[in-house]
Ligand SMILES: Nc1ncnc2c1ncn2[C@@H]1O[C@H](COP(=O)(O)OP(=O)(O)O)[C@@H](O)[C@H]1O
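In the block that follows, a single chain appears as structure tokens, in the form predicted on its own.
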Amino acid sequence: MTTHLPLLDIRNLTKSYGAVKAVNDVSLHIDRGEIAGLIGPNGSGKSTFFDCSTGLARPDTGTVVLDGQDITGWSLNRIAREGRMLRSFQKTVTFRSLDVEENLIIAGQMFTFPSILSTFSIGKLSRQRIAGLRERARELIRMAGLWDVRHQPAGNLSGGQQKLIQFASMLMPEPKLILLDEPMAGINPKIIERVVETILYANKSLGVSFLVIEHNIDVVTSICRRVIVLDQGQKLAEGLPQDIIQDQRVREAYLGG
């Protein structure tokens, strides 16, 4: 009899800053192929939880297991490169002077090849590498709805379009799991719709799993199969989206009663 193992299994994660327990004994799992939501009021510990899960900060206690391997204490870069778990930040970052396609190619080569020189050096192998990266980049650019602006410098595009560039760039190294920190913040409804479509496409067509911090409850309920709620560093509730939004504890802590 085989036992189903989650893609990400986090147990008893705790992180304190001085006397403040930003994350207090939180456990959660993400199944393969799942899109899960992580919600809670500002200051509830969501971003700190992401930091400790992805190697940006070291937890005081607890374990982080990705695809059956204990990665607790690994660096952010090692988790991204070897574990294929990536995270976004609330601040959108792109190579502003490079065009959309170049942004994605650079993102792909940073994970796939040992150096920029090895990717862009002269020779047959280099040409094959670039051709492969360009093909994947163009597929993802189409997916993100950026085809018509693919040769525009990223810095000339709107904040919402730059978020789409960042998201498509994260898909270049074929990650297993992406943790998204407020992907809908500061963008207009049309771009929100496109971001939702790209997340669903990446999940269904590319097999990428997601854990999403998001304050837009409509988005959370539309894309997430399961929602986890944090409040004051602790897990308050977990369940189906429709059950979570009706939970009186959640309404009091997060939705304003």
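All figures in this text were calculated on a predicted structure; none of them were measured in a lab. Quick note: we count residues from 1 along the sequence shown, nothing fancier. Only the largest set of C-alpha atoms that superpose within 1.5 Å between the two forms is called the rigid core.
Although it is not shown, the form predicted together with the ligand is what the next lines describe.
Asker: 34-42, 216-224, 196-204, 65-73: which one contacts the ligand in the predicted bound form at 4.5 Å, heavy atom to heavy atom?
Answerer: Result of the contact check: 34-42.
Asker: Sort through Asn77, Gln128, Asn156, Gln90 and report the residue having a heavy atom within 4.5 Å of the ligand in the predicted bound form.
Answerer: That would be Gln90.
Asker: Using the partner position in the predicted bound form, report whether Ile245 sits within 4.5 Å of the ligand, counting heavy atoms only.
Answerer: No, Ile245 is distant from the partner.
Asker: Would you please decide whether Leu240 lies within 4.5 angstroms of the ligand in the predicted bound form, comparing each non-hydrogen atom pair?
Answerer: Result no; Leu240 lies far from the ligand in the predicted bound form.
Asker: Answer yes if any heavy atom of Leu236 is within 4.5 Å of a heavy atom of the ligand in the predicted bound form; otherwise answer no.
Answerer: Answer no; every heavy atom of Leu236 is more than 4.5 Å from the ligand in the predicted bound form.
Asker: Using heavy atoms and a 4.5 Å limit, would one call Ala22 a contact residue for the ligand in the predicted bound form?
Answerer: Within the cut-off, so yes.
Asker: Any CA movement of 2 Å or more for Val20 between the shown form and the other one, core superposed?
Answerer: True for Val20: a C-alpha shift of 2 Å or more.
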